[in-house]
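As structure tokens, one chain now follows by itself in the form predicted on its own.
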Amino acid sequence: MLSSTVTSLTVLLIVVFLFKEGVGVFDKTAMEEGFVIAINKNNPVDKLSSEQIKNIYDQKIISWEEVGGKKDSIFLFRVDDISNFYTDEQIGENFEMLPYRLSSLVDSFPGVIAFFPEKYLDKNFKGKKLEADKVTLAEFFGGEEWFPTAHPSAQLGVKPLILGTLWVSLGAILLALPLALAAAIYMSEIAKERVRRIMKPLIELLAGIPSVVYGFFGLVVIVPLIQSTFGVAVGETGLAGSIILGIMALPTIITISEDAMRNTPRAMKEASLALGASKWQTIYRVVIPHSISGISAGAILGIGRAIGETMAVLMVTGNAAVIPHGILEPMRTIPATIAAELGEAPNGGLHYKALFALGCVLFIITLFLNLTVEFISNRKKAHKH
């Protein structure tokens, strides 16, 4: 009881910490901390979304009319451009005159949009400071671009990462479950004892191989094979990730399913055979229904490994944070994104919180899949009784 209590509390505290850090992303703005965006005081625009700000600085939006303003052309200004307008003497040796010069410049150009550090904001600033909105759930889950280090406004759309995770994981399960179930049936009901004693340790040995080795195998064998077979430009695709994850999930599903099938009472199988059922009918009608809970447990653990895998997926899927439209396209999963970016994210910053929010999304996806498998398994049990 003590052991189970400590374990449960530990898991609960980990989940609470994860969500506490992840929810913090919605208390922050997408704009870089310590910077401001200012426009001319006569500009009627009062608010810009993070996507609009990025498109402006990417010069995809070149007129204020496109964001609800006048027909003025947009004049982009960064603090590094100040030397194009003022001399070093006018700015000051220690930049003491920079706030005043920035205020004058914003006031002089009707179409200007200026991005500069907040510490250089003059007390009597003549322009209009745009207030940045906090990150919303709609932007986070509905955004189609993941670029958390974009300047001046980060892009935190997780849709491509969620879709990439689902493509790769579901593909892996569709490949792994039939093969694993067939192997478990063969080892538990068909293979001779000598064959089983050789095969089971070999299969369990696959679970101990490091994921980076699977990744190298995927790069050397699977990726070129996909490229040549389907004639795609690159072989680093979601299909490569699905195949590798399917191989990695096989030992877990096979071992647990085979143990569950072997625990079917011998009297039940003999009674089925005595009533005239064939061996395959006994397997399908007796063995599998009796061991469905063990098979479900193996499927859950296999799905969990497929969804949560990082290194192997990072190596073979192309690591492209774009919305995938097919399994033969490069994509990026949530675990691969967390593994690749967490080490470079400043502690407590927007990027850091966003990665924890991704962890929350991954937890919810895994929980939903587990509950779905449990629900299906319980319905089968109820129907049988």
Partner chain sequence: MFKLESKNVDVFYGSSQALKNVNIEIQNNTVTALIGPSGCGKSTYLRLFNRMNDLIDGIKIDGQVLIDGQDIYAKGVNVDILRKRVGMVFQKPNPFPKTIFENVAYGLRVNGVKDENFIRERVETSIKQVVLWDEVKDKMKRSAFELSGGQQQRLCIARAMAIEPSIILMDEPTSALDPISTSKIEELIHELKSKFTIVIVTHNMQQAARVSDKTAFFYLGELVEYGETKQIFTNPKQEKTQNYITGRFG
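None of the values given here were measured: they were computed from a predicted structure. Residue numbers count along the first chain shown, from 1.
Below, we turn to the form predicted together with its partner chain, even though it does not appear here.
For the chain shown alone, P289 is a contact residue for its partner chain in the predicted complex, at least one non-hydrogen atom being within 4.5 angstroms. Not displayed here, its partner chain is approached by G276 to within 4.5 Å at the level of heavy atoms in the predicted complex. Using a 4.5 angstroms limit between non-hydrogen atoms, Q281 touches its partner chain in the predicted complex. Using a 4.5 Å cutoff between non-hydrogen atoms, S103 does not count as a contact of its partner chain in the predicted complex. Contact annotation: of the candidates L121, M97, A271, L170, the single residue with a non-hydrogen atom within 4.5 angstroms of its partner chain in the predicted complex is A271.
The contact with its partner chain in the predicted complex, taken as any heavy atom within 4.5 Å, belongs to R285 out of K126, K159, R285, R262. Just one listed stretch, out of 127-135, 84-92, 262-270, 106-114, contacts its partner chain in the predicted complex at the 4.5 Å heavy atom level, and that stretch is 262-270.
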